[in-house]
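The data below hold one chain only, encoded as structure tokens and taken in the form predicted alone.
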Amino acid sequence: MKFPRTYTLKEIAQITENEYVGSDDFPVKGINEIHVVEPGDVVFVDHPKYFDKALNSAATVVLINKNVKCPEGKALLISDDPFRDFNKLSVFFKPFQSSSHSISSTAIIGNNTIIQPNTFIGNNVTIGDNCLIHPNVSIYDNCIIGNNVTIHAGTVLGSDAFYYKNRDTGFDKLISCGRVVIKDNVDIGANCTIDKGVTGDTTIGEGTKLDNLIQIAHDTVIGKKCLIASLTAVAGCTIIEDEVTIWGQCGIVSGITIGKKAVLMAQSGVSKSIEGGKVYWGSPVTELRNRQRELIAIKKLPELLKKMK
């Protein structure tokens, strides 16, 4: 998430109530998670295991719970609870805005777009031309929808990321301030849920088609011309490249990449990155032809056991 203007390190430290290492006027442009940081961003880290990764990332301000040596050209915000203070920045720059109308006055809706009854469209939403939004769709604040998009009844765009820190007092939520971005010519079926990014965008690429009852988690990026069938669940920060086909009831863990033109057969469980251009099946997933050989071999086991007696 980029700030509306460039802030100084001193200003950010005043918002979070932290001490800092760096010049008062050190420029700060936004906040982001580690996998999407850019120069000018604040990133938070609260575990020694990830200190080096954060300090050596593209982020130029590190919100950290230890006074470590500051890398050249960067700045530090020293906090006893970086998770809490990262939330402070999210709330300060993207506070929740209630809405008193079904379609916000700040929403921009393109030409020839049809909005069916009982649909909610939040603040600062942009919807392109020639779209069809069916009844009972909820489009949360700041979502971006392209041209020629169809969204069927009951779908929710922009719900919060499922992201919590386990504390002695319970689960503490990391506040989401990102967006959902739907490109041109996308179809989204009924009762789908697409979560917004924590600080960045959850993106559905041009020409991709989603069946009913699909969950797409925060910060996932789906490429162009993908087909995803019903009851598939994709965890956060996953990259699905162009022209991937995913059949029904597949489960995909977070932070992996599914290569271009890969095909996942129904009920596959994907626990690691997989190459494109191949057909996969099973849980844990493996190439279809290898799994078929395994099944043939298993069927032959009773006969082999008889011969061994």
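Residue numbers here begin at 1 and follow the sequence given. This is a predicted model, so every value here is computed, not measured.
The next section is about a form of this same protein that is not shown, the form predicted together with a further copy of the same chain.
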Sole residue of Lys94, Arg179, His134, Lys183 within 4.5 Å of a further copy of the same chain in the model of the complex, by heavy atom:
His134
Looking at Val263, Cys250, Val45, Val37, which is the one with a non-hydrogen atom within 4.5 Å of a further copy of the same chain in the model of the complex?
Cys250
Residues in which of 183-191, 197-205, 68-76, 85-93 have heavy atoms within 4.5 Å of a further copy of the same chain in the model of the complex?
183-191
Examine Asp160 and determine whether its closest non-hydrogen atom to a further copy of the same chain in the model of the complex is within 4.5 angstroms.
yes
May I ask you to state whether Ser102 is within 4.5 Å of a further copy of the same chain in the model of the complex, using heavy atom distances?
yes
Hey, in the model of the complex, does Asn118 get a heavy atom within 4.5 angstroms of a further copy of the same chain?
yes
With the partner left out here, check for me: in the model of the complex, does some heavy atom of Ile127 sit within 4.5 Å of a further copy of the same chain?
no
Under the 4.5 Å heavy atom criterion, name the residues of 275-306 that approach a further copy of the same chain in the model of the complex, in sequence order.
Trp281, Ser283, Pro284, Thr286, Arg291, Arg293, Glu294, Leu295, Ala297, Ile298, Lys299, Lys300, Leu301, Pro302, Leu304, Leu305
